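Shown next are two forms of a single protein chain, provided one at a time as structure tokens under the names structure 1 and structure 2.
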Structure 1
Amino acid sequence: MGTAQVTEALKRPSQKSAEAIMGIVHPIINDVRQNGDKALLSYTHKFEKATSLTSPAIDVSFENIRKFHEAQKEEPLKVETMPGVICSRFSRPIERVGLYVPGGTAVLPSTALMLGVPAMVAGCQKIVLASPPRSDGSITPEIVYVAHKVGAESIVLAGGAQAVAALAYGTESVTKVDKIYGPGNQFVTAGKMYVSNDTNAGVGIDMPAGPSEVLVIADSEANPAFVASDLLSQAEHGVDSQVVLIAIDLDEQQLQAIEDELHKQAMALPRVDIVRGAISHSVTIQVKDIDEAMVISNDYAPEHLILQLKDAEKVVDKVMNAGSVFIGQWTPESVGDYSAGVNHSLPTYGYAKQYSGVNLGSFLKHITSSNLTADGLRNVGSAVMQLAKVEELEAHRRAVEIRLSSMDGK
């Protein structure tokens, strides 16, 4: 395959209809913005508050995620750039955060953990979850349990662009938030992009995180059953998920072994129809060596990158663009999705070239400060005045001059 062919083959399925999606999302957002709860409820069901339950699996995952994100805390920074001139940087939590927890074809309490735990560790004052209810209007108890553990204020029983709009603008009973987090389908992603571009909303987003994707790089030592299981675990997310295999110097027989495993394992899955949909636009690319594989991978910038390779650890140095990397045969992507401690809310659509996945820093803002002594202002003052003069900003220049003059008793 030539470069252009590879690029075409790797087009994400949901990127082909961006304008159509915005056309659907726009009126929903406007409706919720203007008509609040009434509109929100017309798109969904009802509200309910958190109750308390217990779940050992959630507790283990909670603790690992908490440890990893707690370790990301930084001490405030203080630098004396010249005598008497002290510059500082310190962090403060984002006060009100909205966490979108998908609930379409699958219930995802793991996403509630991945967003709720760092929000809790960061010290956000208000945590609002939004998740589409089940057909009877209720929400899965696991999500309620996580909301309870992280100290969420409420759960908005709504999904899609309407939930994003409610969080962005607020309604009679939904708190307006400062930043919206979380993955979702293409409508959720489009909704997030829309509100983040509306200056009246005054809301940020974590990143564009759309339908899930995985890229597995496998060499001749990779276990075909393991490779197939990783491809399938991503394919079962939804029909618009993308699954890519880069095969390094595999012969026909080895490729067939992976194909056979894929078929055998897929047939045993309850979500076989969804898997079939995702696999229908999956791509296998054959390359000669690891360098060629990494050029393609870095250009694609996968959400999940799985290295089923001999000496996989050494290859990590070559990774330039990826949401999260899974190293070696004993590290299935599922451990990162649930319980290892790393975050699973990651950039898709190739946005891993510009964005990080959710981390503690996603819930913090950094504020800088300057603190000068009289001598500090003397030391730096002439540079400030000269630059202000060049820019013809006389009031800037005088703000320094007036202070220097007062020191000299003029």
Structure 2
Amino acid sequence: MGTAQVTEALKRPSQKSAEAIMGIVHPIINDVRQNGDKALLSYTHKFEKATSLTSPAIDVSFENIRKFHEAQKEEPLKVETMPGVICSRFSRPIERVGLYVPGGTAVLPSTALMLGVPAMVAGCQKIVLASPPRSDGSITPEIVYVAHKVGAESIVLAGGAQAVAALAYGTESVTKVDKIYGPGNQFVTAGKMYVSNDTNAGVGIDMPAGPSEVLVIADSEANPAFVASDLLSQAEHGVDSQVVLIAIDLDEQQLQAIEDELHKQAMALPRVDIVRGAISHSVTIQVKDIDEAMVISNDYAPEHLILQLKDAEKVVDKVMNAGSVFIGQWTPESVGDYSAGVNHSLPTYGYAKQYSGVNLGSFLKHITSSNLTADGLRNVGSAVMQLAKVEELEAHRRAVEIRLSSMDGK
């Protein structure tokens, strides 16, 4: 394939018109904003009688995610940039956070873990979950269990744009939050976008969301069955999932072996229809060497990058754009999706070029400070006054001058 063909093959499926969806979402948000709980038709779930479930699988995952995010804590930074000029940086938790966990037919306790654990580690004071209830009005016990473990204040039993609006503006029973996290369908995404642009809401969001995707780079040492199983893991997420294989210098027989495994394993899956849909617009690109593969991968900026390669660890140095990397034959994507410790809330749709996945920092903000001694102000004062003069901000200049005069007893 030529460069233009590769670019064409890797074009992500076009997103539905943002304006059409906004037209639906806008009145929903206004309704919740004005009419609160009545519009939300929700109630908050209290934990007292929530669940007696215990899940060792959740406990193991919780602990690994906690450890990895705990290690991301930073000490305050202090730098004396000039004698007597001390600049510092420290972090503070975002006070109130809203975590959206998709529900309905799907059951996603892993999303509750991936958002709730870092919020807990960061020290956020109020953690509010929102998740659409099941048809009987209840919520998956695994999600309630996670909410318990992370110390959430409540679970808002609602989904869609109305849940996002409740978190952004607050209602009688839902706490207004400072930032909203989590994946969701196009209405959730449009709702998050809308409230993050409304200065009256005063709310941030984690990142833009698009369909999930994987790019697997395999060489002749890769086990065809493992490669196929990773491609299928991604494919089962939905028909709009993107599945890309870059094959490094594989011959016909090796490519066929992967293809054969793909069909054999797909036939055994319960979601075979979804898998077939995703596989049908998956892409295989053949390249000569790892450098060629990495140019394509870095340009595509995959959410998940799987390296089934000889010396895979060394190749990480060449990774410039990706959400999360899975190294070597014993690291399927699913370990990162659930339990290894890394976060699974990752940038999609090429946004790995400028966004990080959810991490401890997503629940903190950095604040800086300056503290000058009298000598410090003497040292830096003339630079400040000269620049203030260039910018014609005379009061800025005088705020320094008046202090220097005071030191000199004038």
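Rigid core: the largest C-alpha set superposing within 1.5 Å between the two forms. Structure 1 provides the reference sequence; residues are numbered from 1 along it. Keep in mind that this is a model prediction, so the values were computed, not measured.
Asks: Deciding between structure 1 and structure 2, tell me which is the form predicted alone.
Replies: Number 1 is right.
Asks: For Pro133, state whether the C-alpha moves by 2 Å or more between structure 1 and structure 2 after rigid core superposition.
Replies: Yes, because once the rigid core is superposed, the C-alpha of Pro133 moves 2 Å or more between structure 1 and structure 2.
Asks: Do you see a C-alpha shift of 2 Å or more at Gly159 between structure 1 and structure 2, with the core held fixed?
Replies: For Gly159, whose C-alpha is compared between structure 1 and structure 2 after core superposition, the shift is 2 Å or more.
Asks: Would Phe187 count as moving between structure 1 and structure 2, using a Cα shift of 2 angstroms or more after superposing the core as the test?
Replies: Yes, shifts by 2 Å or more.
Asks: If you line up the core, how far does the Cα of Ile24 move between structure 1 and structure 2, in Å?
Replies: C-alpha displacement of Ile24 between structure 1 and structure 2: 4.4 Å.
Asks: Provide the displacement, in Å, of the CA of Arg33 between structure 1 and structure 2, taking the core as the superposition reference.
Replies: In the core superposition between structure 1 and structure 2, the C-alpha of Arg33 moves 3.7 Å.
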